[in-house]
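Just the one chain here, laid out as structure tokens, in the form predicted alone.
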Amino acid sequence: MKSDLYRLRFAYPKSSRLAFLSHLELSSTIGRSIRRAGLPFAVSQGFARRMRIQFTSALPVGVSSKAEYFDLFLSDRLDAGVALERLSRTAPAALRPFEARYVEGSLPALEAWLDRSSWLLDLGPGLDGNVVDEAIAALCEQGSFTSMRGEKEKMVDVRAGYVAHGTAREDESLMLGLETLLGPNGALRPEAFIRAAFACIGHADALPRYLRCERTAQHHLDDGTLVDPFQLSSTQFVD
């Protein structure tokens, strides 16, 4: 990154109906909001000059999030609070940023740096946590599964992406908390993972047709510690 640029990191939700935006639609919507806010964004060099902005790994369409992140490179340093207030006025409510901090320009790109994700899936009523444990154990023993990405079939390495899980009852629904890592071949998609797990034990039809899923947190995993996206929170030891 050029030394005269400033890297401002924003945290924002992706909720309500806007959870169904594709990643391209999301980036376009945020880009328009930045322009309307009048932020002094930097542009890339070359023939096709574009806004200098980096996003976290793309969410599957229909998945919401408590906190997504993007880094906006600025040509002039603007107070982070002022930038946040301006962008909050122009962004849609379901994508409205709630925190902004300057971070080191030398950090790797967000998409690769934030490699640990926490998810919460609503598995609906009627399921038992022990069945979920059995299904995930069977899939981990199998080691991989195939998933369709558009019209292409992709082999997913479970051991590279799965970290841990837990279940809890919320009202009548069974909630699945899932921890994943960004592997060498991309992110582990939570819905594809749990459907493959139930298929392993012959109970694919036990899951609801539509699974509500939310990304609840993102971190960088650094030698056994979870690093906060703003590098301001205390690191947490990972067992």
Partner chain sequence: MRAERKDCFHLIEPLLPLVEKPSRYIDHEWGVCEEQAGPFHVCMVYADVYEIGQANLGIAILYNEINRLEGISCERAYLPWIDMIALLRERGIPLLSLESAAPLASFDVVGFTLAHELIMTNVLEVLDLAGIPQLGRERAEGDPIVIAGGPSAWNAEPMAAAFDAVLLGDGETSIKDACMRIRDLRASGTSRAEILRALAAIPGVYVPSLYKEVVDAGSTRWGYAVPGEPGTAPEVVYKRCEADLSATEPVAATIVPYLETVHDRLSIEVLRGCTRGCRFCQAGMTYRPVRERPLGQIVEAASRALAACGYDEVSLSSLSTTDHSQCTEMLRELSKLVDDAGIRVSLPSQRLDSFGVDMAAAASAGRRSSLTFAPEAGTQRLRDVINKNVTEEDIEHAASTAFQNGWRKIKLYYMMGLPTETDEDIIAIAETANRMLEIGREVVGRGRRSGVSISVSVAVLVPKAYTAFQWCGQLPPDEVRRRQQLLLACAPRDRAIRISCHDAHSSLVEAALSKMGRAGFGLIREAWRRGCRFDAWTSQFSYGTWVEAARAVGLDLEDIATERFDLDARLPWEHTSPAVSKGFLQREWRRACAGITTGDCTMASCEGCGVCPILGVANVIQGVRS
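Because the structure is predicted, anything quoted here is derived from the model rather than measured. Positions refer to the first chain, counted from 1.
A second form of this protein, the form predicted together with the partner chain, is not displayed here; the remarks below concern that form.
ask   = the partner chain isn't shown here, but in the predicted complex which of Ala91, Leu120, Leu107, Leu78 has a heavy atom within 4.5 Å of it?
value = It is Ala91.
task = Identify, from the list Ser173, Gln54, Thr29, Ser57, the residue with a heavy atom within 4.5 Å of the partner chain in the predicted complex.
result = Flagged contact: Thr29.
task = Would you confirm whether the three residues Leu21, Arg35 and Val43 all fall within 4.5 Å of the partner chain in the predicted complex, going by non-hydrogen atoms?
result = Contact check passed for all of Leu21, Arg35 and Val43.
Distance check, Arg49 to the partner chain in the predicted complex, heavy atom within 4.5 Å = Output for Arg49 is yes: heavy atoms within 4.5 Å of the partner chain.
Partner contact for Asp228 in the predicted complex: the partner chain, 4.5 angstroms, heavy atom = Looking in the predicted complex, residue contacts with the partner chain do not include Asp228, since no heavy atom lies within 4.5 Å.
query = Quick one: does Ala204 come within 4.5 Å of the partner chain in the predicted complex, counting heavy atoms only?
reply = Ala204: no contact with the partner chain in the predicted complex.
task = Answer for Asp222 alone: is it within 4.5 Å of the partner chain in the predicted complex, judged on heavy atom distances?
result = It does not: once the partner chain is placed as it appears in the predicted complex, Asp222 has no heavy atom within 4.5 Å of it.
ask   = So which stretch, 112-120, 99-107, 155-163, 82-90, is the one near the partner chain in the predicted complex (non-hydrogen atoms, 4.5 Å)?
value = Answer to the contact question: 82-90.
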